[in-house]
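Shown below, as structure tokens, is a lone chain in the form predicted on its own; questions about how it binds or moves come after it.
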Amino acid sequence: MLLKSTKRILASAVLAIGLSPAALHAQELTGTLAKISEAGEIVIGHRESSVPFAYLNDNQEPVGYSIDLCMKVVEEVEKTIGKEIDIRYVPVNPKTRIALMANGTIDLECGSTTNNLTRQQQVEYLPTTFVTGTKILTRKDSGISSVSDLDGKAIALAQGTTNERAIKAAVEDLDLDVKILPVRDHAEGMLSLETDRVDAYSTDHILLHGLIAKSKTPEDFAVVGEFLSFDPYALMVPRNDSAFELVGKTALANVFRSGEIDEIYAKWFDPLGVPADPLLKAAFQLGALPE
């Protein structure tokens, strides 16, 4: 009896102040979800040349594996806040992506970003969506087959990446004389190699295969060397916002659990001839949390 009376009192109070159930729900939203609901849009940071994760197509629209997964997150956000939202895209690169997430400029980053503990001091990540590592891209006739062959040569490296640190550490360990050309992103790194400004470019191996696939002369290039780092990719979200993080985890868990991830993966990686390895499949299984 007391419970029924309490419910009546609460309902009367809600009606008295003119709040609908939807408005009451909106008031309960906090952090990024509240920001998105109020603005009516979600701001997505995207890469412009990280094939096949996030890049601009011929119509200069962001497309890719990470973009498709981010659209699943957007759908879950709309379900959570109870209305459709617009999407505003903001280009990011290795030097700007962490800062733009940390200062609230972007709500969700859809690219090829490695999840590591250092970055988690400023941002947070959703479950792993890809596993890769640092390798070297060079011309087939360069004579370079490993990092030790870089002695006396030049390599382009995107600033602010885990690959930059991995190559510099390997060069220092082997006491090599290597000229390093800092570049803004993968497109600039590939252009430096194609125009013979450098002898090699280094980033995650899957991105190197993507650069070759987009090249005008793919037969001229090869990905060489051993893995120099372990780079688990994940979609980046704001730190200290568990409600928004849960929405993202829910979206990806649904994709992993339903098997839809296999279709999305095949769409972007089958053309590159890169099957999902056992470690990545295990990551999908671990991310497929029950409801």
Partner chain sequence: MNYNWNWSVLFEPEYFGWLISGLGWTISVALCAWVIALVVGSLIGVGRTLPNKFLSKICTAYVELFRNIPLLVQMFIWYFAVPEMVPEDAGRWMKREMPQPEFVTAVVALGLYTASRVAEQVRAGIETVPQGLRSAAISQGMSIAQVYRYILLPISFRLIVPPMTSEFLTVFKNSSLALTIGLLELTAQSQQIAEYTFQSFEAYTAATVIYVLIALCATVIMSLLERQTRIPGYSGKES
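Positions refer to the first chain, counted from 1. The structure displayed is predicted, hence computed values, not measured ones.
Unshown form predicted in complex with its partner chain; subsequent notes refer to it.
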{"query": "Every residue of Leu33, Ser37 and Asn57 near its partner chain in the predicted bound form, heavy atom within 4.5 Å", "finding": "no"}
{"query": "Partner-contacting position among Ile212, Leu181, Leu176, Val90 - heavy atom within 4.5 Å of its partner chain in the predicted bound form", "finding": "Leu181"}
{"query": "Single option in Thr80, Gln122, Thr128, Ser146 placed near its partner chain in the predicted bound form, where near means a heavy atom within 4.5 Å", "finding": "Gln122"}
{"query": "Per-stretch contact check against its partner chain in the predicted bound form, the hit in 69-77, 128-136, 98-106, 201-209 (non-hydrogen atom, 4.5 angstroms)", "finding": "98-106"}
{"query": "Non-hydrogen atom contact Glu164 with its partner chain in the predicted bound form at 4.5 angstroms", "finding": "yes"}
{"query": "is_contact(Asp86, its partner chain) in the predicted bound form, heavy atom dist at most 4.5 Å", "finding": "no"}
{"query": "Interface membership of Lys249, its partner chain in the predicted bound form, 4.5 Å heavy atom rule", "finding": "no"}
{"query": "Distance check, Arg257 to its partner chain in the predicted bound form, heavy atom within 4.5 Å", "finding": "no"}
{"query": "In the predicted bound form, residues of 131-164 near its partner chain [heavy atom within 4.5 Å]", "finding": "Gln159, Gly160, Glu164"}
